[in-house]
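Only one chain is included here, represented as C-alpha coordinates and corresponding to the form predicted on its own.
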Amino acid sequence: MPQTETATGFTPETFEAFLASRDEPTWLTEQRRAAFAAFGELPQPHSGMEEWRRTDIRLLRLDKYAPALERPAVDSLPAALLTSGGSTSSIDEDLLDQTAPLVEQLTGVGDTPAETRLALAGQTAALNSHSISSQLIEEHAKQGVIFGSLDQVVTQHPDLVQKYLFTRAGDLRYDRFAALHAAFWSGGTILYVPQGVRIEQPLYIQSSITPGSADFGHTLVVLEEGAEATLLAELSGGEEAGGLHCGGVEIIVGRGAFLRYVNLQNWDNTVWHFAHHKALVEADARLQWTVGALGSKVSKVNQHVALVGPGANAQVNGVMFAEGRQHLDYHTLQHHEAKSCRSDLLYKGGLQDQSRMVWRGMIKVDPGADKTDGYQRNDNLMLSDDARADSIPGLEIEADDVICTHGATTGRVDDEQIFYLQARGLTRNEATRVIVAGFFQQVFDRITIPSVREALGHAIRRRIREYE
(Lines give C-alpha, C1' and ligand atoms only; values in the text may rest on other atoms or scores of the structure.)
Protein backbone atom coordinates (compact mmCIF):
# COMPACT_ATOMS: atom_id res chain seq x y z
CA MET A 1 0.00 0.00 0.00
CA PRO A 2 1.51 3.40 -0.96
CA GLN A 3 2.85 5.49 1.90
CA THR A 4 1.00 8.73 2.57
CA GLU A 5 2.50 12.14 3.15
CA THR A 6 1.40 12.04 6.80
CA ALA A 7 3.18 8.78 7.65
CA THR A 8 6.33 9.12 9.69
CA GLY A 9 9.40 7.11 10.56
CA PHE A 10 11.96 5.17 8.57
CA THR A 11 10.46 1.72 8.70
CA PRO A 12 10.68 -1.08 6.12
CA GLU A 13 7.20 -0.08 4.94
CA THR A 14 8.28 3.54 4.49
CA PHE A 15 11.40 2.41 2.64
CA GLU A 16 9.46 0.18 0.23
CA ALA A 17 6.99 2.98 -0.46
CA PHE A 18 9.92 5.31 -1.15
CA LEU A 19 11.45 2.85 -3.64
CA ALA A 20 8.08 2.37 -5.32
CA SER A 21 7.75 6.13 -5.83
CA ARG A 22 11.00 6.28 -7.84
CA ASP A 23 12.08 5.12 -11.29
CA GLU A 24 15.75 4.24 -10.90
CA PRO A 25 18.32 1.79 -12.29
CA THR A 26 18.60 -1.60 -10.61
CA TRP A 27 22.10 -0.91 -9.33
CA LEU A 28 20.86 2.15 -7.44
CA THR A 29 17.96 0.26 -5.87
CA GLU A 30 20.41 -2.40 -4.71
CA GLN A 31 22.70 0.29 -3.30
CA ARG A 32 19.78 1.79 -1.40
CA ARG A 33 18.79 -1.61 -0.01
CA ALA A 34 22.34 -2.20 1.25
CA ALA A 35 22.28 1.21 2.94
CA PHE A 36 18.90 0.59 4.57
CA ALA A 37 20.15 -2.75 5.87
CA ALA A 38 23.18 -0.94 7.35
CA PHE A 39 20.82 1.62 8.94
CA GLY A 40 19.07 -1.21 10.73
CA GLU A 41 22.32 -2.81 11.87
CA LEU A 42 24.32 0.20 13.02
CA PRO A 43 23.82 1.49 16.57
CA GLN A 44 22.19 4.81 17.37
CA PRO A 45 25.02 7.28 18.15
CA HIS A 46 25.39 7.95 21.87
CA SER A 47 27.70 9.67 24.33
CA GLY A 48 29.69 6.48 24.87
CA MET A 49 31.15 6.86 21.38
CA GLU A 50 34.20 9.13 21.22
CA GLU A 51 32.95 11.06 18.20
CA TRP A 52 29.59 11.70 19.89
CA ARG A 53 30.81 12.23 23.45
CA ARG A 54 30.12 15.98 23.35
CA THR A 55 26.89 15.94 21.32
CA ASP A 56 23.63 14.79 22.88
CA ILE A 57 20.89 13.72 20.45
CA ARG A 58 18.62 11.92 22.91
CA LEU A 59 15.82 14.40 22.18
CA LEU A 60 15.87 13.55 18.46
CA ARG A 61 12.83 11.55 17.39
CA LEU A 62 13.43 10.15 13.93
CA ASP A 63 9.90 8.72 13.90
CA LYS A 64 8.59 12.30 13.56
CA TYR A 65 10.03 12.54 10.05
CA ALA A 66 9.76 10.72 6.76
CA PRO A 67 10.81 11.24 3.14
CA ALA A 68 8.32 13.28 1.12
CA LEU A 69 7.06 10.99 -1.62
CA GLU A 70 5.36 13.69 -3.68
CA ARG A 71 6.87 16.78 -5.23
CA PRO A 72 5.66 19.89 -3.33
CA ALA A 73 3.49 22.38 -5.15
CA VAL A 74 5.42 25.25 -6.66
CA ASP A 75 3.24 27.78 -4.85
CA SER A 76 4.50 26.36 -1.52
CA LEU A 77 8.07 27.41 -2.26
CA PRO A 78 9.63 29.64 0.41
CA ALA A 79 10.27 33.15 -0.85
CA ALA A 80 14.01 32.67 -0.38
CA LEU A 81 14.13 30.10 -3.16
CA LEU A 82 15.07 31.53 -6.52
CA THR A 83 12.47 31.17 -9.23
CA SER A 84 13.26 29.17 -12.35
CA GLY A 85 14.32 32.27 -14.18
CA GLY A 86 16.30 33.80 -11.35
CA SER A 87 13.83 36.66 -10.91
CA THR A 88 13.55 38.37 -7.54
CA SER A 89 10.43 40.42 -8.20
CA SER A 90 8.26 38.35 -5.83
CA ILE A 91 10.82 37.75 -3.08
CA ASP A 92 9.92 38.89 0.42
CA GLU A 93 13.05 40.78 1.48
CA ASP A 94 12.45 40.28 5.22
CA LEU A 95 12.25 36.50 4.81
CA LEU A 96 15.18 36.57 2.44
CA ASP A 97 17.24 38.50 4.97
CA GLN A 98 16.66 35.78 7.56
CA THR A 99 17.06 32.62 5.53
CA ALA A 100 19.33 32.95 2.53
CA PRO A 101 22.23 35.41 2.87
CA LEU A 102 23.84 34.42 -0.42
CA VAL A 103 20.69 35.19 -2.42
CA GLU A 104 21.03 38.87 -1.58
CA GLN A 105 24.50 38.94 -3.06
CA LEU A 106 23.63 36.85 -6.10
CA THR A 107 20.52 38.77 -7.09
CA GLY A 108 21.08 42.28 -5.82
CA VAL A 109 18.12 42.32 -3.43
CA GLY A 110 18.37 44.98 -0.75
CA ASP A 111 21.40 47.24 -0.46
CA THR A 112 23.89 44.89 -2.12
CA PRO A 113 26.52 46.93 -4.01
CA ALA A 114 26.40 46.29 -7.74
CA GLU A 115 30.12 45.52 -7.86
CA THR A 116 29.74 42.49 -5.56
CA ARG A 117 26.81 40.87 -7.36
CA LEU A 118 27.40 37.69 -9.29
CA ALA A 119 26.21 36.42 -12.62
CA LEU A 120 25.57 32.67 -12.47
CA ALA A 121 26.49 29.94 -14.92
CA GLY A 122 23.68 27.79 -13.56
CA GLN A 123 21.44 27.19 -10.56
CA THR A 124 19.28 24.52 -8.98
CA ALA A 125 16.56 24.72 -6.34
CA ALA A 126 15.11 22.00 -4.14
CA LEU A 127 12.34 21.93 -1.54
CA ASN A 128 11.75 19.10 0.92
CA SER A 129 14.29 16.96 -0.93
CA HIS A 130 12.57 17.38 -4.30
CA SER A 131 14.12 19.22 -7.24
CA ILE A 132 12.08 22.26 -8.23
CA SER A 133 14.15 23.92 -10.95
CA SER A 134 17.48 23.59 -12.72
CA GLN A 135 19.29 25.76 -15.27
CA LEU A 136 22.68 25.76 -16.98
CA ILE A 137 23.75 28.26 -19.63
CA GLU A 138 23.86 26.73 -23.09
CA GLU A 139 27.56 27.42 -23.65
CA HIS A 140 28.60 25.03 -20.90
CA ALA A 141 26.00 22.42 -21.78
CA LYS A 142 27.58 22.24 -25.26
CA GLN A 143 30.96 21.68 -23.61
CA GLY A 144 29.63 18.57 -21.91
CA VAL A 145 29.06 20.07 -18.47
CA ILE A 146 26.29 18.36 -16.51
CA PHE A 147 24.64 20.38 -13.75
CA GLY A 148 21.21 19.74 -12.35
CA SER A 149 18.98 17.36 -10.47
CA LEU A 150 20.77 14.16 -9.45
CA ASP A 151 17.37 12.43 -9.54
CA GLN A 152 17.10 13.18 -13.26
CA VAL A 153 20.74 12.72 -14.24
CA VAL A 154 20.86 9.25 -12.71
CA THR A 155 18.29 8.12 -15.29
CA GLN A 156 19.80 10.14 -18.17
CA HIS A 157 23.45 9.21 -17.51
CA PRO A 158 23.30 6.10 -15.27
CA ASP A 159 26.83 4.88 -16.11
CA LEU A 160 28.38 8.23 -15.16
CA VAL A 161 26.57 8.41 -11.82
CA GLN A 162 27.24 4.76 -11.01
CA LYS A 163 30.97 5.33 -11.51
CA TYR A 164 31.11 7.88 -8.68
CA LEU A 165 28.07 7.71 -6.38
CA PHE A 166 29.08 6.24 -3.00
CA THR A 167 32.17 4.63 -4.55
CA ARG A 168 35.29 6.71 -3.88
CA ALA A 169 34.14 9.62 -1.72
CA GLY A 170 31.19 8.12 0.11
CA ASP A 171 30.87 5.53 2.88
CA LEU A 172 27.31 4.41 3.50
CA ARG A 173 28.40 2.51 6.63
CA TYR A 174 30.27 5.38 8.33
CA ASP A 175 27.51 5.62 10.93
CA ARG A 176 23.74 5.30 11.18
CA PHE A 177 23.06 8.75 9.74
CA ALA A 178 25.31 8.10 6.75
CA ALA A 179 23.39 4.89 6.09
CA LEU A 180 20.03 6.65 6.46
CA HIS A 181 21.12 9.27 3.97
CA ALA A 182 22.39 6.73 1.43
CA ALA A 183 19.09 4.86 1.63
CA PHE A 184 16.77 7.87 1.26
CA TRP A 185 18.71 10.58 -0.58
CA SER A 186 16.67 12.55 -3.11
CA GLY A 187 16.48 16.00 -4.62
CA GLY A 188 20.25 16.22 -4.87
CA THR A 189 22.50 17.99 -7.35
CA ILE A 190 25.30 16.81 -9.61
CA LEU A 191 28.04 18.89 -11.17
CA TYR A 192 30.22 17.15 -13.75
CA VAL A 193 32.88 19.18 -15.59
CA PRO A 194 34.72 17.39 -18.41
CA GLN A 195 38.46 17.45 -18.92
CA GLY A 196 39.94 20.89 -19.55
CA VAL A 197 36.64 22.83 -19.27
CA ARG A 198 36.74 26.02 -17.20
CA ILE A 199 33.56 27.59 -15.82
CA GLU A 200 34.36 31.14 -14.77
CA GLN A 201 30.96 32.13 -13.39
CA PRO A 202 29.74 30.39 -10.19
CA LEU A 203 27.02 27.77 -10.07
CA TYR A 204 24.48 27.95 -7.25
CA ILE A 205 22.51 25.33 -5.29
CA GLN A 206 19.61 26.31 -3.02
CA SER A 207 17.99 23.70 -0.75
CA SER A 208 15.14 24.45 1.64
CA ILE A 209 12.52 22.74 3.76
CA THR A 210 9.09 23.71 5.00
CA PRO A 211 8.47 23.52 8.78
CA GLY A 212 8.50 19.97 10.13
CA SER A 213 9.85 18.43 6.93
CA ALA A 214 13.00 16.45 6.10
CA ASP A 215 15.78 16.98 3.58
CA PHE A 216 18.06 14.24 2.27
CA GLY A 217 19.79 16.17 -0.49
CA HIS A 218 23.01 14.73 -1.91
CA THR A 219 25.63 16.74 -3.79
CA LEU A 220 28.00 14.97 -6.19
CA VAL A 221 30.80 17.05 -7.75
CA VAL A 222 33.27 15.64 -10.28
CA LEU A 223 35.92 17.74 -12.01
CA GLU A 224 37.94 15.88 -14.62
CA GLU A 225 41.60 16.59 -15.32
CA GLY A 226 42.38 20.29 -15.73
CA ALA A 227 38.79 21.43 -15.17
CA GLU A 228 37.85 24.45 -13.07
CA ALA A 229 34.59 25.55 -11.39
CA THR A 230 33.09 27.50 -8.49
CA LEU A 231 30.08 26.03 -6.67
CA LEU A 232 27.98 27.83 -4.04
CA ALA A 233 25.49 25.83 -1.95
CA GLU A 234 23.03 27.20 0.59
CA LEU A 235 20.72 25.41 3.05
CA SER A 236 17.85 27.28 4.65
CA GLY A 237 14.37 26.88 6.11
CA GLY A 238 12.65 24.98 8.90
CA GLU A 239 11.08 27.69 11.05
CA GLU A 240 9.06 27.06 14.22
CA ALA A 241 8.14 23.39 13.64
CA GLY A 242 11.77 22.57 12.88
CA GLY A 243 12.90 19.83 10.58
CA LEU A 244 15.57 17.25 9.80
CA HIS A 245 18.48 17.42 7.40
CA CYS A 246 20.47 14.27 6.77
CA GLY A 247 22.76 15.13 3.88
CA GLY A 248 25.90 14.17 2.05
CA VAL A 249 28.51 15.70 -0.23
CA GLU A 250 30.97 13.84 -2.47
CA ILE A 251 33.69 15.79 -4.27
CA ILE A 252 36.29 14.47 -6.69
CA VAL A 253 38.83 16.99 -7.97
CA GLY A 254 40.76 15.40 -10.85
CA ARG A 255 44.43 15.79 -11.72
CA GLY A 256 45.35 19.45 -12.12
CA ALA A 257 41.75 20.63 -11.60
CA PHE A 258 40.64 23.51 -9.34
CA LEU A 259 37.38 23.69 -7.38
CA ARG A 260 36.13 26.52 -5.20
CA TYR A 261 33.29 25.21 -3.06
CA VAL A 262 31.24 27.26 -0.58
CA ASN A 263 28.72 25.49 1.66
CA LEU A 264 26.55 27.74 3.83
CA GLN A 265 24.33 26.04 6.42
CA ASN A 266 21.71 28.53 7.56
CA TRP A 267 18.82 26.37 8.75
CA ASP A 268 16.34 27.73 11.24
CA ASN A 269 17.50 27.18 14.83
CA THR A 270 14.96 24.37 15.25
CA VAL A 271 16.42 22.02 12.61
CA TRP A 272 18.47 18.88 13.33
CA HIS A 273 21.45 18.86 10.94
CA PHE A 274 23.55 15.78 10.16
CA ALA A 275 25.93 15.56 7.22
CA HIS A 276 28.91 13.65 5.85
CA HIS A 277 31.15 15.55 3.45
CA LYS A 278 34.21 14.12 1.72
CA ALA A 279 36.52 15.38 -1.00
CA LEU A 280 39.24 13.54 -2.93
CA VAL A 281 41.96 15.81 -4.32
CA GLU A 282 44.11 14.16 -6.97
CA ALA A 283 47.64 14.94 -8.19
CA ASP A 284 48.44 18.66 -8.58
CA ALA A 285 44.75 19.54 -8.03
CA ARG A 286 43.51 22.36 -5.81
CA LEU A 287 40.48 22.64 -3.57
CA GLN A 288 39.31 25.74 -1.72
CA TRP A 289 36.47 24.70 0.57
CA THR A 290 34.63 27.30 2.66
CA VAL A 291 32.10 26.23 5.28
CA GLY A 292 29.60 28.58 6.91
CA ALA A 293 27.74 27.19 9.94
CA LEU A 294 25.15 29.66 11.23
CA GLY A 295 21.90 27.78 11.77
CA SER A 296 20.33 24.58 13.14
CA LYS A 297 19.36 23.38 16.61
CA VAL A 298 22.06 20.70 16.62
CA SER A 299 24.68 20.14 13.93
CA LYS A 300 26.93 17.10 13.64
CA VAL A 301 29.05 17.30 10.52
CA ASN A 302 32.00 15.23 9.35
CA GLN A 303 34.23 17.02 6.82
CA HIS A 304 36.91 14.80 5.30
CA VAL A 305 39.52 15.96 2.78
CA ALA A 306 41.73 13.24 1.30
CA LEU A 307 44.84 14.26 -0.65
CA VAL A 308 45.28 11.21 -2.84
CA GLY A 309 47.77 12.37 -5.48
CA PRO A 310 51.24 13.96 -5.27
CA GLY A 311 51.15 17.75 -5.22
CA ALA A 312 47.50 17.99 -4.15
CA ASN A 313 46.56 21.18 -2.28
CA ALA A 314 43.53 21.87 -0.07
CA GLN A 315 42.54 25.01 1.79
CA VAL A 316 39.61 24.64 4.21
CA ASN A 317 37.95 27.71 5.72
CA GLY A 318 35.31 27.60 8.45
CA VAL A 319 33.07 30.41 9.73
CA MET A 320 30.80 29.41 12.63
CA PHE A 321 28.46 31.48 14.78
CA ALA A 322 26.12 30.13 17.46
CA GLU A 323 23.45 31.76 19.60
CA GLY A 324 20.67 30.76 21.98
CA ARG A 325 21.10 27.08 22.82
CA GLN A 326 22.53 26.06 19.46
CA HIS A 327 25.01 23.19 19.43
CA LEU A 328 27.44 23.00 16.48
CA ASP A 329 29.81 20.00 16.27
CA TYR A 330 32.21 19.80 13.33
CA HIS A 331 34.71 16.97 12.89
CA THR A 332 37.40 17.66 10.28
CA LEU A 333 40.00 15.28 8.84
CA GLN A 334 42.91 16.26 6.60
CA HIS A 335 44.08 12.91 5.27
CA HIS A 336 47.45 12.95 3.50
CA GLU A 337 47.60 9.77 1.47
CA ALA A 338 50.25 10.88 -1.05
CA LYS A 339 53.59 12.67 -0.85
CA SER A 340 54.29 16.39 -1.37
CA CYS A 341 50.75 17.51 -0.52
CA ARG A 342 49.63 20.58 1.40
CA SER A 343 46.54 21.18 3.53
CA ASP A 344 45.66 24.38 5.38
CA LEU A 345 42.60 24.54 7.66
CA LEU A 346 41.35 27.60 9.55
CA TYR A 347 38.09 27.47 11.52
CA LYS A 348 36.83 30.47 13.50
CA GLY A 349 33.80 30.46 15.75
CA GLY A 350 31.81 33.08 17.64
CA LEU A 351 29.47 32.12 20.48
CA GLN A 352 26.87 34.04 22.45
CA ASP A 353 24.08 33.22 24.93
CA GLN A 354 24.19 29.57 26.07
CA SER A 355 25.43 28.10 22.80
CA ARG A 356 28.06 25.42 22.48
CA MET A 357 30.59 24.70 19.75
CA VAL A 358 32.73 21.60 19.25
CA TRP A 359 35.55 21.34 16.75
CA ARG A 360 37.52 18.13 16.55
CA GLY A 361 40.27 18.16 13.94
CA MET A 362 42.81 15.59 12.79
CA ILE A 363 45.74 15.67 10.39
CA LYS A 364 46.49 12.09 9.34
CA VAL A 365 49.64 11.32 7.38
CA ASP A 366 49.91 7.84 5.85
CA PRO A 367 53.17 5.89 5.52
CA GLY A 368 55.04 7.11 2.45
CA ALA A 369 53.34 10.52 2.40
CA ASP A 370 56.67 12.33 2.81
CA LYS A 371 57.06 16.08 2.23
CA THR A 372 53.63 16.65 3.75
CA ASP A 373 52.79 20.20 4.85
CA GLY A 374 49.71 20.17 7.07
CA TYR A 375 48.30 22.98 9.21
CA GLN A 376 45.11 23.38 11.22
CA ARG A 377 43.89 26.10 13.55
CA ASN A 378 40.68 26.79 15.44
CA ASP A 379 39.95 30.13 17.18
CA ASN A 380 36.84 30.86 19.23
CA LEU A 381 35.50 34.19 20.48
CA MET A 382 33.21 34.06 23.50
CA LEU A 383 30.46 36.69 23.68
CA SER A 384 28.84 35.25 26.80
CA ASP A 385 29.90 33.76 30.12
CA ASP A 386 27.44 30.92 29.56
CA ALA A 387 28.72 29.80 26.15
CA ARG A 388 31.19 26.92 25.76
CA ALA A 389 33.71 25.96 23.09
CA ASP A 390 35.63 22.68 22.87
CA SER A 391 38.63 22.55 20.52
CA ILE A 392 40.34 19.20 20.02
CA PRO A 393 43.15 19.32 17.44
CA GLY A 394 45.11 16.16 16.68
CA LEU A 395 47.97 14.70 14.66
CA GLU A 396 48.50 11.13 13.48
CA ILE A 397 51.77 10.95 11.58
CA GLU A 398 53.19 7.76 10.06
CA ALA A 399 55.75 9.30 7.69
CA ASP A 400 59.12 11.03 7.94
CA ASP A 401 60.12 14.43 6.63
CA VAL A 402 56.84 16.22 7.25
CA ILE A 403 55.70 19.59 8.57
CA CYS A 404 52.49 19.33 10.60
CA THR A 405 51.29 21.95 13.08
CA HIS A 406 48.05 22.67 14.87
CA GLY A 407 46.67 25.12 17.37
CA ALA A 408 43.52 26.35 19.10
CA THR A 409 42.60 29.49 21.05
CA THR A 410 39.57 30.65 23.02
CA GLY A 411 39.08 34.16 24.36
CA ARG A 412 36.63 36.94 25.18
CA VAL A 413 36.03 40.34 23.66
CA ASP A 414 38.62 42.68 25.18
CA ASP A 415 37.00 45.36 27.35
CA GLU A 416 39.86 47.73 26.55
CA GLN A 417 39.12 47.39 22.84
CA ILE A 418 35.44 48.16 23.48
CA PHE A 419 36.37 51.17 25.62
CA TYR A 420 38.74 52.43 22.88
CA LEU A 421 36.01 52.25 20.24
CA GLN A 422 33.36 53.78 22.55
CA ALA A 423 35.75 56.67 23.20
CA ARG A 424 35.58 57.33 19.47
CA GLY A 425 31.81 57.59 19.36
CA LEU A 426 30.63 53.98 18.88
CA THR A 427 28.01 52.40 21.09
CA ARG A 428 28.96 49.26 22.98
CA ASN A 429 27.02 47.10 20.53
CA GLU A 430 28.59 48.80 17.51
CA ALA A 431 32.02 48.34 19.05
CA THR A 432 31.34 44.64 19.61
CA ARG A 433 30.28 44.22 15.98
CA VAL A 434 33.50 45.82 14.79
CA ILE A 435 35.61 43.57 17.01
CA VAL A 436 33.76 40.42 15.92
CA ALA A 437 34.14 41.43 12.27
CA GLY A 438 37.86 41.85 12.84
CA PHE A 439 38.03 38.41 14.49
CA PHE A 440 36.57 36.74 11.39
CA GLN A 441 38.51 38.89 8.92
CA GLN A 442 41.38 36.40 8.68
CA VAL A 443 38.98 33.82 7.27
CA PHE A 444 37.19 36.34 5.06
CA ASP A 445 40.52 37.36 3.53
CA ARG A 446 41.01 33.79 2.34
CA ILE A 447 37.70 33.77 0.46
CA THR A 448 38.28 34.88 -3.11
CA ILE A 449 34.63 35.70 -3.92
CA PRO A 450 33.67 39.21 -2.69
CA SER A 451 29.95 38.45 -2.58
CA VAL A 452 30.49 35.44 -0.33
CA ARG A 453 32.69 37.45 2.02
CA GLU A 454 30.01 40.13 2.28
CA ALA A 455 27.17 37.62 2.74
CA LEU A 456 28.89 35.77 5.57
CA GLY A 457 29.96 38.98 7.29
CA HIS A 458 26.49 40.48 7.08
CA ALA A 459 24.84 37.26 8.31
CA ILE A 460 27.06 37.24 11.40
CA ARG A 461 26.74 40.96 12.14
CA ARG A 462 22.95 40.82 12.19
CA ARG A 463 23.05 38.06 14.83
CA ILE A 464 25.11 39.92 17.40
CA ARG A 465 23.04 41.25 20.29
CA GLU A 466 24.03 43.67 23.01
CA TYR A 467 27.15 42.32 24.69
CA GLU A 468 27.44 42.49 28.46
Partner chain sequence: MITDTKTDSNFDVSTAEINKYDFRNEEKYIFKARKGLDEQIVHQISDMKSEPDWMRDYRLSSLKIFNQKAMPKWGGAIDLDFQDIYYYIKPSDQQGRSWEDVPEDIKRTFDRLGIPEAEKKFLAGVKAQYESEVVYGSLREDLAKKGVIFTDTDTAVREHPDLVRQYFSTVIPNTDNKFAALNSAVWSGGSFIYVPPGVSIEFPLQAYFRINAENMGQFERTLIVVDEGAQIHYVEGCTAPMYSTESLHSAVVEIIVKKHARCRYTTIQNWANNIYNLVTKRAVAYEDATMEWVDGNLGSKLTMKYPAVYMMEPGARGEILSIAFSSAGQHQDAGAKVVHAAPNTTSQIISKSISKNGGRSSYRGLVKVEDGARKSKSNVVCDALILDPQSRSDTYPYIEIAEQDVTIGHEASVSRIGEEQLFYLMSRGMSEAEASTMIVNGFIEPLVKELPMEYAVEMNRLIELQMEGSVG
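Residue numbers count along the first chain shown, from 1. The model shown is predicted, which means the values in this text are computed figures rather than measured ones.
There is also a form predicted together with its partner chain; it is not shown, and the following applies to it.
Using a 4.5 Å cutoff between non-hydrogen atoms, residue 288 does not count as a contact of its partner chain in the model of the complex.
Although the partner is absent here, residue 283 sits far enough away that none of its heavy atoms falls within 4.5 Å of its partner chain in the model of the complex.
Shown alone here, residue 212 lies farther than 4.5 Å from its partner chain in the model of the complex, counting heavy atoms only. Among residues of the shown chain, residue 160 is not one whose heavy atoms approach its partner chain to within 4.5 Å in the model of the complex. Annotation: in the model of the complex, residues 205, 265 and 296 none come within 4.5 Å of its partner chain through any heavy atom. For the options 44, 429, 442, 409, the one in contact with its partner chain in the model of the complex, meaning a heavy atom within 4.5 Å, is 409.
With the partner omitted from this view, the residue of 228, 344, 225, 390 that lies near its partner chain in the model of the complex is 390 [heavy atom within 4.5 Å]. Stretch 395 to 403 is the answer when you ask which of 433 to 441, 34 to 42, 395 to 403, 416 to 424 has residues with heavy atoms within 4.5 Å of its partner chain in the model of the complex.
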